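One chain comes next, on its own, written out as structure tokens in the form predicted alone.
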């Protein structure tokens, strides 16, 4: 596809952005009493209200035309059918196959992958039942009470977020922890107070070569040897691996039958539906994990079957395109009004920014338009007392996605009522502002700031699955319109490569690095104990 800026619909949107520059969202509601009904839709247990966007009817039509002009239907069909749409790595993108509930085959290079997917799910199911029922034990015979997932990026953020979201579905006698940071303090904090002989480690790394994950796994093994009655040969019974590299897992000491596979056509940030989701299944049970997959599949079918005008992922993506490319928004705030979803902003940050943080298009050309926004946020009521000041009165233009569940915990129903009314008030205030004449200028809020409101009937596994799939497809749609590859991450690979290079060369006097990096390498190499003068002050400029 050619650059989106060459499309007739894109050029029209530029004109509409100029002609509707001074429109106020509140005036749209005054002009159309049915705007809320026309600009909201429900899919399963999810309800989306996108009426509080600065989108006039001609703009909405032009955005739909842009989706069509971008060849979205064809690209969508390619993804679901197993075409190698990750062109820089020549791979299919088939996280949707992992939750495929139909009997439809999904072929990669002429071979149906669904039998392998179902076999992988069966293995997760069997293992989950064994651990949760007390059949799978360590060598000293203790029942597993603690699960520690060791991973980073997509091997941590997705499972971590879902486990937090579904905390109400977890058993009190089996707790789940996550270690991602290579900072040893993270591992030490998690392990503090755990019974090593009742602890199961899940080492999640596609290649079994990720530096941070392997360091944490080796340290966890040493901790287990030091603090348990297990022999060195038995330690492996406390570890399972999720990896494509069985040989490396075996070398680490993990038995081959305790390695759970997935495939190179599963991107890390899209992998929680695969064996990477093993901690989820262990935490909430395989039945709930299956419901998570079913919810995602429901959203997949909606994305494939619904017309663009009533397609939730497409609509959400188009609102973002309009705000980012035509109204100048550089960021997107994700504000869940539900403590259980407190990890959702971090998960969506990776999903969006790692996918669409690209400056080269599918043709190898430098893009001339904005791509992925900066995604950030935290839980709502906390945010109100922190950064909402900037949202209401600051000079930055920040669209907001408000997310909440409707069903309250009966024990704290009044809390949930306060939570939801606060969210509605914030969405209304962002749109309407407060510019009454009797207010002093410094107290006025201009309003006219857009937001979407996403409501879940309840925070169930099925609805959480649908919510995640909604944002996955939103990111895909935006990548298609921007004509970029949403499924590689070469910027991430650069950092990994340089970290390995510096690790190898830190003790040498190499000139391969800039002066700043060489100087810092020298300080680190001296064990963070640089020379000091008589006064104890750090001597700067002392070289390496």
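Computed from a predicted model, the values in this text were never measured in an experiment. Residue numbers count along the first chain shown, from 1.
Although it is not shown, the form predicted together with a small molecule is what the next lines describe.
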**Message:** If contact means a heavy atom within 4.5 Å, which one of 393-401, 115-123, 190-198, 268-276 is the stretch that engages the small molecule in the model of the complex?
**Reply:** 268-276
**Asked** Are any of the heavy atoms in residue 68 no more than 4.5 Å from a heavy atom of the small molecule in the model of the complex?
**Response** no
**Prompt:** Taking heavy atoms and a 4.5 Å cut-off, does residue 492 contact the small molecule in the model of the complex?
**Reply:** yes
**Asked** Taking heavy atoms only, is residue 152 within 4.5 angstroms of the small molecule in the model of the complex?
**Response** yes
**Prompt:** Should residue 207 be classed as touching the small molecule in the model of the complex when contacts are defined as heavy atoms within 4.5 Å?
**Reply:** yes
**Message:** Quick check on this chain: which one of 128, 96, 343, 350 has a heavy atom within 4.5 Å of the small molecule in the model of the complex?
**Reply:** 350
